[in-house]
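Okay, here we've got a single chain as structure tokens, the form predicted alone, with questions on binding and movement later.
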């Protein structure tokens, strides 16, 4: 009589990796920093008041006890990360840490004064507009298999074209259309170099970025300013009746400039087209397995041309945000590296439109926060000096580095991005 022995494998609880230890130490540092802000950055009795323009005071918190409570919460979560039974919740602890740290910073910053919450959120959404548009440009390119680091150059060309054509036609909408078209044209150049001539796609993008800086500066100094075409003005905010009167939410979503509305519409459209249509499936197949896509009749290179040009059209609108949406003129290098931040948002969002939008909101919040801090000029605890504005302006870019470093190895780009395809 044969006896069969069966081995039973027992899965062990996952241990702590180096990343887990690093994040735990980070949580301890954040918690300690919040406690220091409470002890030395606020006075007993100070109130942090959060207001709305229509409703008045939304809520008011005692600054010092609130900071102590949130600091202790961060330390408690750091301890919970070390317990194996909570291994499945480690990602949620990280998210909770980010929320607590941001809110604690707002409490400290507004201690003894007031903060307009809808205004802060609207400033975050506005700052996230060009980043989201740039991220969607990169997403369309890279999902089809073409690396695009030329988003910065496309946006800069769009900013210049928006001013030039708005002044020539005395119509801001004509400037917006021209910005989109020139962004698409530069994307076409990138596509031809990358697909037809098989130029290294990083080099091609770098060339377009350098060309944008030099060409726009030359044309601005030699053409626009001498011809008096450098100040066409800016778009006024479009207010949607009734909806804009909704407390808190209304001013945030329904009282914005056209570029913000365009961004929100494109966000839904691009997500639907990329993930829920046959065209989007074929486009993604070109980035994942172009040989298989070609086998079933998909024109891989044509699909890549179309995707890159559409992405450039969107990036051009992002460029118009800076010139026609903000300052009403063109300034040298006015995109200030936002195209590269948009790339970081795309990567952090895992090549997904809504993920990229969430990342853009994070970067937009950092930008809106540094602007608000330059106005309030909070004093650093212990040393009792205001934070230098140069350090505040660095904050969004430092956050970009931290975020990109944190997602390395945790997200997967399209398998065949950056690899030219030759039909056999």
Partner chain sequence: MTEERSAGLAARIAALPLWVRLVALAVLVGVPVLLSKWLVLILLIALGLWPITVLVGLVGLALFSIPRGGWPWMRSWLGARLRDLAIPLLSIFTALVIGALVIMFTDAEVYAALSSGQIVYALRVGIQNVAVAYGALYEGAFGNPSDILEAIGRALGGEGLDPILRAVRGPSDSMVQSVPYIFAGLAVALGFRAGLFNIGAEGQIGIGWIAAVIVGFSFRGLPMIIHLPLAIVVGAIAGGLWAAIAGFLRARTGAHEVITTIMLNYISFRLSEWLLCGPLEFTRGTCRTQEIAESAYLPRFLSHPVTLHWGFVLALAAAVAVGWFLFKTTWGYELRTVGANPNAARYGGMSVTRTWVLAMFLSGCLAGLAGVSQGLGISHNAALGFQAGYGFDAIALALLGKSHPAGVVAAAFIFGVLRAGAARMQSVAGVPTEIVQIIQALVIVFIAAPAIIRAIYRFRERRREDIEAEMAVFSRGWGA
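As the structure is a prediction and not an experimental result, all values here were calculated from the model. Residue numbers count along the first chain shown, from 1.
Unshown form predicted together with its partner chain; subsequent notes refer to it.
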{"query": "Residue 340: touches its partner chain in the predicted complex, heavy atom cutoff 4.5 angstroms", "finding": "yes"}
{"query": "Exercise: residue 55 in contact with its partner chain in the predicted complex, heavy atom 4.5 Å", "finding": "no"}
{"query": "Non-hydrogen atom contact residue 111 with its partner chain in the predicted complex at 4.5 angstroms", "finding": "no"}
{"query": "Contact flag, residue 336 vs its partner chain in the predicted complex, heavy atom cut 4.5 Å", "finding": "yes"}
{"query": "Partner-proximal stretch of 237 to 245, 264 to 272, 207 to 215, 75 to 83 relative to its partner chain in the predicted complex, 4.5 angstroms, heavy atom", "finding": "207 to 215"}
{"query": "Heavy atom within 4.5 Å of its partner chain in the predicted complex - the one residue of 346, 286, 317, 161 that qualifies", "finding": "346"}
{"query": "Contact assignment for its partner chain in the predicted complex, among 249, 203, 95, 296, heavy atom within 4.5 Å", "finding": "203"}
{"query": "Those residues of 370 to 397 which, in the predicted complex, come within 4.5 Å of its partner chain by heavy atom", "finding": "388, 390, 391, 393, 394, 397"}
